[in-house]
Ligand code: 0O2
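Below, in structure tokens: the form predicted on its own, a single chain.
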């Protein structure tokens, strides 16, 4: 296949990866803006290199004519979660979406690979709008925990180094590491609720502080400098207590105070 044809072939897949990653990141931000725990911790994506495609075609005996039907991971998106329980949550979110259709599920959690690899893969159909019209492409979405991703990234590097023939003693160490990561994920699940609560509290505090600082800044335009500095000092005092409920009460009082100045501005405005 000519180089120009490879570029034309891969471009829709590049569009798909960029769009899917952007949509998952937007979903993650939506959770956080609503002070909810996000099952999506991080999202990355890539389009398979030509050399990797050729290697896989050779290994699986795939012809150029069947390339796009049989190589399902030309477009790859990886969703990283904090906890094992989040993996199925993310999978459910994908299944419910209208802009992508799940056509195959590969569960390497219930059916761990011999090497120790664990992950959930969903093959989806995704539509991109090109200058030549709509184009439907396949993409592989891998969903795994941070610990699983660390192991898989390491194993992939070793596969590359040893050209797929990892020495037995290295394979044994990888297998032991996979077992340790399985234990780690289970241990983290035991404290999942406490970690989620702490993260949500942190998100709420971040939003509260931002809103409070904006309100104080706006008060400089309507209240005396002396009053605003007193409010600012009180904010720093309450913030140092590390008490979220006190911070919420302070924000409510600040809103009432600011509303009084807004009412005065309206009353004093010329008719």
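Positions refer to the first chain, counted from 1. A quick note: this is a predicted structure, and the numbers were derived from the prediction, not measured.
The form predicted together with this ligand exists for this protein as well; it is not shown, and the discussion that follows is about that form.
Visitor: Considering non-hydrogen atoms and a 4.5 Å limit, which listed residue (106, 136, 161, 101) is close to this ligand in the predicted complex?
Guide: The residue in contact is 106.
Visitor: With the partner absent here, would 42, 86 and 97 each sit within 4.5 Å of this ligand in the predicted complex, counting heavy atoms only?
Guide: Negative, none of the three is within 4.5 Å.
Visitor: Given that this ligand is not shown alongside this chain, does residue 210 nevertheless sit within 4.5 Å of it in the predicted complex, heavy atom to heavy atom?
Guide: Although this ligand is absent here, residue 210 would stay clear of it in the predicted complex, with no heavy atoms inside 4.5 Å.
Visitor: Can you check whether residue 151 is within 4.5 Å of this ligand in the predicted complex, heavy atom basis?
Guide: It does: once this ligand is placed as it appears in the predicted complex, residue 151 has a heavy atom within 4.5 Å of it.
Visitor: Can you tell me if residue 60 lies within 4.5 angstroms of this ligand in the predicted complex, counting non-hydrogen atoms only?
Guide: Answer yes; at least one heavy atom of residue 60 falls within 4.5 Å of this ligand in the predicted complex.
Visitor: Using heavy atoms and a 4.5 Å limit, would one call residue 117 a contact residue for this ligand in the predicted complex?
Guide: Close contact exists here: in the predicted complex, residue 117 approaches this ligand to within 4.5 Å, heavy atoms only.
Visitor: Hey, of 87-95, 172-180, 193-201, 138-146, which bit sits against this ligand in the predicted complex at 4.5 Å between non-hydrogen atoms?
Guide: Careful reading of the contacts points to 138-146.
Visitor: Enumerate the residues of 69-83 that have a non-hydrogen atom within 4.5 Å of this ligand in the predicted complex, in sequence order, or give none.
Guide: Result: 73, 78.
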